[in-house]
Ligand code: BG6
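Take a look at this single chain in structure tokens; it is the form predicted on its own.
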Amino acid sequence: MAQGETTMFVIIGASGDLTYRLLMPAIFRLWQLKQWTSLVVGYAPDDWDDAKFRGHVRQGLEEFAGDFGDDAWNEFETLLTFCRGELTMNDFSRLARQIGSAGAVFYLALPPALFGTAAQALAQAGLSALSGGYRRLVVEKPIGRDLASAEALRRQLHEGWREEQIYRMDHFLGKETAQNLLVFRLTNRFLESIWDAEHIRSVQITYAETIGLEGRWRYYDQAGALRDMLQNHLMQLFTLVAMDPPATWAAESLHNHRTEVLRAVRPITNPEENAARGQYAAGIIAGRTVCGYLQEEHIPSQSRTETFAALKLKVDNWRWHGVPFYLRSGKRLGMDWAEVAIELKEVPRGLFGEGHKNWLIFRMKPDEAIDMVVWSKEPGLALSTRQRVLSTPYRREQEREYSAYEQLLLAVVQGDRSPFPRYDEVEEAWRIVDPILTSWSQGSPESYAAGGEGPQGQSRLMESGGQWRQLGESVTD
């Protein structure tokens, strides 16, 4: 971006919850850090003007932005304007006159069913054309409900937008831990030399939540855990663990390597052996009784939506031959806990018995840290062993934490496509899970009590001698 160049960040759906809770607080924090200069145009069908939009944004900042005051607001609000309109070519033509030849980002903060309609109308109004400044389109997940619908959306988007103009938002790729997976692995020589099937026994990727629907019932009951978490977020973490080292940090190189991993995943021909699902029943979390999924407000009493999903994946290439990758995520579990855990093979047995497992763990929740589980001698006269944990927090106490949206919004305006999945990544991820979705259209998920580890059926995915790490498994002596 040239110094002094006028740029605009247009939020289509500016009166919605995403803008209120996440986008504008992230933009405001970037502005406070002097990382944001773009004008922000709110676009929605609401009968608002600039003053009403600014008031709406201010209310959201007071609730979600933390460090907030009148002096900062008086300066920041000058970046905000509003344009009223529907998702039509005629209304977007008025927006086009306002933008002129300025560089612009169009963020679709809309229900997924409207992504294609909005993208087509923007293009018909000439807003995708490169007539001076850049033009970029940001699309939130979900990208389709299955492979067929994802392909239909791709065709709609590509009618007026080139692939390199499209930024598919997956906020997990903006998380510090996700980015650190590659940095830590590729900058420490002792790791890359053992990053293969000869030394690694398995990989477990877990994202557990204590929360239930939190008002998202309309979306969640149509999606379920497999679509909501595994097909996108956890699949992206999986590619970061399994990809070969790229030659450069360029976006296309990273996309190519992530896609290669997904293409190498063995097709799932027997979902019963490679996938498990569950639905939470009533239980106790943190001393509080919570209802089951079927008793949640608005949820049909016969709903078969899974609130827990687990997968076992195999990668058919030389690096990972025979290594199982386990992915799981669920709601109303016993802890808010998220980690990527690498299990190393045990040393040859004989000297000190069995059970000496080494783990390298990238923790995301409740705090970000890196833990290495090792073994040493137990103090005393006997030659016995005990587990030790070499642990380091991700950041020092005085270091600022950046949200995923701050990271990704800055990448959008800077034109960095590396943390945004390319379409073929999305396509391959749907290819992997489509057979499971088909299988799960029949039958019902296994019930599991809220506040526990999830359904017992997840254990059958484990190969001989393996077991899931417990949520919150102690990593201290």
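A quick note: this is a predicted structure, and the numbers were derived from the prediction, not measured. Position 1 is the first residue in the sequence shown; the rest follow in order.
What comes next is about the form predicted together with the ligand, which does not appear here.
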Which of these stretches, 170-178, 111-119, 192-200, 304-312, has heavy atoms within 4.5 Å of the ligand in the predicted bound form? 170-178
Name the residue from Y134, Y219, F352, F184 that puts a heavy atom within 4.5 Å of the ligand in the predicted bound form. Y219
Sole residue of K141, H255, R154, R363 within 4.5 Å of the ligand in the predicted bound form, by heavy atom: K141
Hey, in the predicted bound form, does E296 get a heavy atom within 4.5 angstroms of the ligand? no
Heavy atom to heavy atom, is D228 within 4.5 Å of the ligand in the predicted bound form? yes
Partner proximity in the predicted bound form: R328 to the ligand, non-hydrogen atom cutoff 4.5 Å: no
Can you work out whether Y107 and the ligand are in contact in the predicted bound form, taking contact to mean some heavy atom pair no more than 4.5 Å apart? no
In sequence order, which positions of 205-219 have a non-hydrogen atom within 4.5 Å of the ligand in the predicted bound form? Y207, E209, I211, R216, Y219
